[in-house]
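Presented below, as structure tokens, is a lone chain in the form predicted on its own.
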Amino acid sequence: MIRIGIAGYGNIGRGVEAAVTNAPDMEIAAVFTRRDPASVSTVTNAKVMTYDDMDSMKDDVDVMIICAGSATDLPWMSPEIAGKFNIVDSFDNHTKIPEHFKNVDEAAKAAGTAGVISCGWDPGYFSISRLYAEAALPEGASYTFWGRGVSQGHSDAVRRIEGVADARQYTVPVEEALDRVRAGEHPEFTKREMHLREVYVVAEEGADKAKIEEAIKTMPDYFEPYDTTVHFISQEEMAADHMGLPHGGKVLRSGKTGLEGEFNNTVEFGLNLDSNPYFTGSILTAAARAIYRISEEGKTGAFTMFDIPPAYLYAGSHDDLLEHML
């Protein structure tokens, strides 16, 4: 059995817990938290320890899955923990992935460990889809559409606006843009042409709703580049209709084949998720299996989903793959 440590116990940590529990070749060694362990109750009654006690489990954890945020936690946590354990993380700041890879790679090689960074569905599964599609269709264009789904970061940004009691933001693909790509066109889209923003807001009593809506629609980077619709609802409506964390999206590549590019081709890969964090947790768990196998081969350093043989993600044998999937 591969012994898994879970560093951080939020939505993704619970997703990892469920995935490990359902895996035939894994077990949970411990959950590590920066909170008071007595305040953390796990679904499976797994052992909960403090983050500072992690070192005492070096001989009892094969892979540490780090379930923390990319903005402020993973940049330091992943290299630090890779100095002691094999790791998996979901670092998703695309522009800083090369820097993060370098930091984890140096720490892991110095410690003789191995780690997979930037796992999840994007980056992660969508990254692999983009690679496969572009490898087969080098003459063409790639497009990634996210949603319809809840963006946790955008929702948090809205909740920080004065007068907002609660909020959920949905990213929604523009169907006309999807149709153009599926038709074999290679358009150059602006952000506004590819996605819409839908925001559901519970305003505090007496708050200026017009001011809140203006603050949302003019927020740089988050909303200003997009067509944004704001809906004001009650807390009861929020609890009834918007408490889940669904998400999904599509990767498409439109390209040409033939000596003179006479044949049009479109590749499309899509996800429709009831729970973003639980699916992300499932991918992290599969990656933990892969990095355990890579580590057992004596390899060290940082890896990405591009570097992992697909068979290493799968719990079954190579014969199973040949018989059922090839």
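Numbers for residues come from their place in the sequence shown, where the first is 1. Remember, it's a predicted structure, so these values are computed and weren't measured experimentally.
The form predicted in complex with a further copy of the same chain is left out here; the points below concern that form.
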item: Residue stretch of 269 to 277, 66 to 74, 30 to 38, 51 to 59 approaching a further copy of the same chain in the predicted bound form, non-hydrogen atom distance within 4.5 Å; value: 269 to 277
item: L137, A177, A215, A107 - the one with a heavy atom within 4.5 Å of a further copy of the same chain in the predicted bound form; value: L137
item: Partner contact for H94 in the predicted bound form: a further copy of the same chain, 4.5 angstroms, heavy atom; value: yes
item: Contact of M325 with a further copy of the same chain in the predicted bound form (heavy atom, 4.5 Å); value: yes
item: Interface membership of S118, a further copy of the same chain in the predicted bound form, 4.5 Å heavy atom rule; value: yes
item: F232: touches a further copy of the same chain in the predicted bound form, heavy atom cutoff 4.5 angstroms; value: no
item: Contacts with a further copy of the same chain in the predicted bound form, stretch 309 to 326 (heavy atom within 4.5 Å); value: P309, P310, A311, L313, Y314, H318, L321, L322, E323, M325, L326
